[in-house]
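Listed next as structure tokens is one chain, alone, in the form predicted on its own.
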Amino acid sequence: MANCDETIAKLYEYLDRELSPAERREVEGHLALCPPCREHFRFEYNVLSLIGKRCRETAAPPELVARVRKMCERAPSDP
């Protein structure tokens, strides 16, 4: 079972769904048993949810979208 430091270190990867299934179960197991880490998780989850919601409400200016698309077209592609 992971300790608090290990769990907090993996929290963002957990929230971004970047952990392996085994790591995810380990974090979830710790969160189920540790109220302070669970509270930390809830706070971070709520912050990311709020940022995601606000970002969806605000569209990028069309000029910026066009510039980014041009830059992407000119960027070398990885092999």
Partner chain sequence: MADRSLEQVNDPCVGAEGLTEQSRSQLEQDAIAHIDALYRTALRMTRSSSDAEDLVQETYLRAFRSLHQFAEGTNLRAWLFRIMTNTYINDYRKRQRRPTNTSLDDIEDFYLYDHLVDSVVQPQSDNPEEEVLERLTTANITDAIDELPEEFRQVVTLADVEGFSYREIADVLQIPVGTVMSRLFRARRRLRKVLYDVAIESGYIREMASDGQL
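For the two forms, the rigid core is made up of the largest set of C-alpha atoms that agree within 1.5 Å on superposition. Numbering follows the first chain given and starts at 1. Remember, predicted model here, so these are calculated numbers, not experimental data.
The same protein also exists as the form predicted together with its partner chain; that form is not shown, yet it is the one meant from here on.
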ask   = Within a 4.5 Å heavy atom cut-off, is Ala2 in contact with its partner chain in the predicted complex?
value = no
message = Although the partner isn't part of this model, could you tell me whether Pro21 comes within 4.5 Å of its partner chain in the predicted complex, counting any heavy atom of the residue?
response = no
ask   = With the cut-off set at 4.5 Å between non-hydrogen atoms, does Glu26 touch its partner chain in the predicted complex?
value = no
key: Leu50: touches its partner chain in the predicted complex, heavy atom cutoff 4.5 angstroms   = yes
ask   = Using a 4.5 Å cut-off on heavy atoms, what residues in 33-62 are near its partner chain in the predicted complex?
value = Pro36, Glu39, His40, Arg42, Phe43, Glu44, Asn46, Val47, Leu48, Leu50, Ile51, Gly52, Lys53, Arg54, Cys55, Arg56, Glu57, Thr58, Ala59, Ala60, Pro61
Per-residue C-alpha change between the shown form and the other one, Glu63, threshold 2 Å, rigid core fit = yes
